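First comes one chain, alone, set out as structure tokens in the form predicted alone.
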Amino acid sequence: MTMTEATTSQPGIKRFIGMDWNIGALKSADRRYWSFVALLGILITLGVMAWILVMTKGGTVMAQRDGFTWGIWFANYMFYVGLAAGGLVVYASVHLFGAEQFRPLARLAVLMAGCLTMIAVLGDLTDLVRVWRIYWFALTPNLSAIFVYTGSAAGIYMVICFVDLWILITGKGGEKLAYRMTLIALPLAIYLHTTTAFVLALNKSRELWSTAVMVPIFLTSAVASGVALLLIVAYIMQRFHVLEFKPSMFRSLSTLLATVMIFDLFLLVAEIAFVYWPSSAKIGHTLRFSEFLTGPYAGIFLPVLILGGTAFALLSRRKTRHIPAVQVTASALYVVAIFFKRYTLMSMGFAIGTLGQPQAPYFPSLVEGLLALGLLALAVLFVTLAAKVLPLRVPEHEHGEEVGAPHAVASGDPALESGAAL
């Protein structure tokens, strides 16, 4: 397939797979934009070098060991598929529940969900060390291993997100097809997040993992952190004139975020109370959880409570919840809190071994860190390029709102195009 001239008089627009790609916008991008792209390119290059080192030297360059058989890659896997949930919730709320105030976010939300799931899957592949082993995973799956279900669901979900994005941009099938795709994507997303939680919950030999509340905790954390990240990115897109949104949209988004935070924090506090309540406490649970409250792992668990509680306090009052700086600050705090929460979840099963021996806390090696940073930079690069070349702005006739200045890519306004730095 090749690019052809689009059916528009605007120069630099090329049509490919039914979408108009504004290649000309890349030529007019300013120095700040390309400096940022260059920085992302450097980080991706370092990540590729780290990956090559893993493939040539083996797992010895990683900080994982017998006591910690999983590392930063699995913490990031849980984190990224969770963040992807926020995009789906916003997208689904438009087509299933008529939340029209979120329609201008639909394309951006689906793009982010696809990119986040992509790097989650790539993180899994890097842990295989010999990445071609995925061949045997596909041909001879162990159906009793829960990773078979969550791994395959992540791959399918990623594809569906990008197909959804294509449908939203091209308008193929109209609202009816978008609605049907939502009916497919939403159950699949719930299935993906549930099976990811089951990776932990179904390990009965790891006491702090083996709890049925793991699934709802995972889902609420996923939705809260995903909505928080979407709010932050939406503000960034507006700051650089890529997209424009009404203040009411941000108010609705922050209200949704505060509501989900309540349930997420409640479930976490309820689980802690269950572990230490005299009539329900079990010696194995309390000993292990104490490692995270007062022991060597407290540095990665207490921030979950402190940052999460602070974020909710900022959004709990109506007056402060509607201030943009407060919305962004609370969202950033909660995204960081959920990262620590995922890292803590990964560590909880390994803090004390199955034979009762304490394990020294795991910290990723430089190679693992560069690999993780490279994957994150790859997702940011995808969104950065898409912000320039794809029509992420939803046409006004689709949502019937005056949302301010048109999208720099779609409008053809040279002033906006030259000023868009993202």
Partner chain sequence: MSDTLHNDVRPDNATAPDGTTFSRRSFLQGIGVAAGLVAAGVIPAVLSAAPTSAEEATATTTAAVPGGGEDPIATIIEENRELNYPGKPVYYADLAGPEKWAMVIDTKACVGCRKCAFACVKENNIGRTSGFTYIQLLEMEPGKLDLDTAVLDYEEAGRPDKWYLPVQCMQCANPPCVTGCPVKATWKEPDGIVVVDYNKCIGCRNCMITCPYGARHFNWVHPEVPEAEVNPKVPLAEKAWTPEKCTFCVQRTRNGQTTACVEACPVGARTFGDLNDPNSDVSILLKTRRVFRLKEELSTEPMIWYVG
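Keep in mind that what you see is a predicted model, and the values were worked out from it rather than measured. Positions refer to the first chain, counted from 1.
If you look for the form predicted together with the partner chain, you will not find it shown, but the lines that follow are about it.
Remark: all three candidate residues (Gly59, Lys204 and Leu287) come within 4.5 Å of the partner chain in the model of the complex, counting heavy atoms only. Out of the listed residues Ala38, Ala360, Met55, Val48, Met55 is the one that sits within 4.5 Å of the partner chain in the model of the complex by at least one heavy atom. Although the partner is absent here, Val148 is a contact residue: one of its heavy atoms lies within 4.5 angstroms of the partner chain in the model of the complex. In the model of the complex, Ile134 approaches the partner chain with a heavy atom inside 4.5 Å. When contacts are judged by a 4.5 Å heavy atom cut-off, Arg65 counts as touching the partner chain in the model of the complex. With a 4.5 Å cutoff on heavy atoms, Arg130 counts as touching the partner chain in the model of the complex. In summary, the region of this chain contacting the partner chain in the model of the complex, judged by heavy atoms within 4.5 Å and restricted to 374 to 382, 40 to 48, 23 to 31, 349 to 357, corresponds to 349 to 357.
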